[in-house]
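Coming up is one lone chain in structure tokens, specifically the form predicted on its own.
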């Protein structure tokens, strides 16, 4: 797994600014006030920082932005980074500043002279989140032996504040690693093995193999993977940090490690991106890791359905009828609408076994959600306003884009089948909504439920605020916030 950039918090040492050989970062307020360390850097560079602050260019600098000076005269550093931050800056600006520093780091040691700035832990979090590089399969990749030192007035407090944030970052990195991995590496077996390894964090992890899934009646899930040599699996992860016997929050993830579309084969162009079709399961795994590492005082169960959708002589055909664990029959119209077949069985199992206080499923489910919301927001569907609003608030707090989409009985007409209880697709109109309507049929009446269609946000071509191009880890921060705000005991 990709390691986090090591961060150390120490007391402010003005002499260290002159001799540091990597990158030195100092803070200047938007109104041009130089903090203590910035004044020290200004003297070393014979007034260069003050000249920049007095220039017309500084007037265009916004809070959270960083301006860099290469090989500053009078300092041993390769670069001097001037960070613009207000004294009472927002969390978003702190993370933005950290992200900018992470983007610039380039494997070099960073000395961040934060002095008495607020939210230095959030700055460090932004830096660590942005300083991610998936290089596991590059032969010329070099491990950085450098880290980040944050000098501040209260290092012990900053370190304590950073600890849970680094647990979240570690979870997000796991999600990114899983989503970035090629399918010949991240098979269903390898995925399950990586989850089993989290037992050492205190998670209770069990793997349900095909024979048990067949016995349970998970035939819609099994139908997706039956054309592949990789065995289908369901992995159950439990974190019991809350009150004994209290109903858990259930997180359910779609884990299609590669999606060819099955017999309804996808076009060749772009199929290589289907390694990310297990993104929902990746978010569940990363969230469970974050919760365990920060020892969340809540009961959470994470369940992921791991399959590979391949065409073969044994693959499910369009027109086949399969029976779900619930007992409903499904006519398979399109084998490329496979994610809902995985989720519906795992969702029913989660409710049957755990009787959760609420259930959130996540899936890179439809291309239609990308047409509707682009790559900025995930689609949110729910049967419970309070539950949905709590998640939307959590996502907004963490600046992870999410937008509520409608549900309604009228859309069920598109799922009617002539020969079975339902079809697995409802046609092109409202494709994301009919997919959610399909899933809602497997939600028990008394279960608060949220469906997150993350097809547009799980992996992107351009860098986001806290992640480079590729897998984003979207959802780990929002779900962690949802748990922290609504499910943790005192």
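Numbering follows the first chain given and starts at 1. Since this is a predicted model, take the numbers as computed values, not measurements.
What comes next is about the form predicted in complex with a small molecule, which is not displayed.
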Handout entry: Close approach of residue 364 to the small molecule in the model of the complex, 4.5 Å, heavy atom
Key = yes
Practice task
Examine residue 276 and determine whether its closest non-hydrogen atom to the small molecule in the model of the complex is within 4.5 angstroms.
Solution key: yes
Problem - Contact label in the model of the complex: residue 336 to the small molecule, heavy atom within 4.5 Å - result: yes
Problem - residue 259, heavy atom within 4.5 angstroms of the small molecule in the model of the complex - result: yes
Exercise for the section: Verify the flagged residues 284, 377 and 390 against the small molecule in the model of the complex: is each one within 4.5 Å by a non-hydrogen atom? Expected result: no
Problem - Position in contact with the small molecule when the complex is considered in the model of the complex, options 100, 152, 368, 167, heavy atoms within 4.5 Å - result: 368
Exercise for the section: May I ask you to choose, among 340, 176, 289, 96, the residue with a heavy atom within 4.5 Å of the small molecule in the model of the complex? Expected result: 340
Practice task
Report the stretch among 377 to 385, 310 to 318, 276 to 284, 153 to 161 that approaches the small molecule in the model of the complex to within 4.5 Å, counting heavy atoms only.
Solution key: 276 to 284
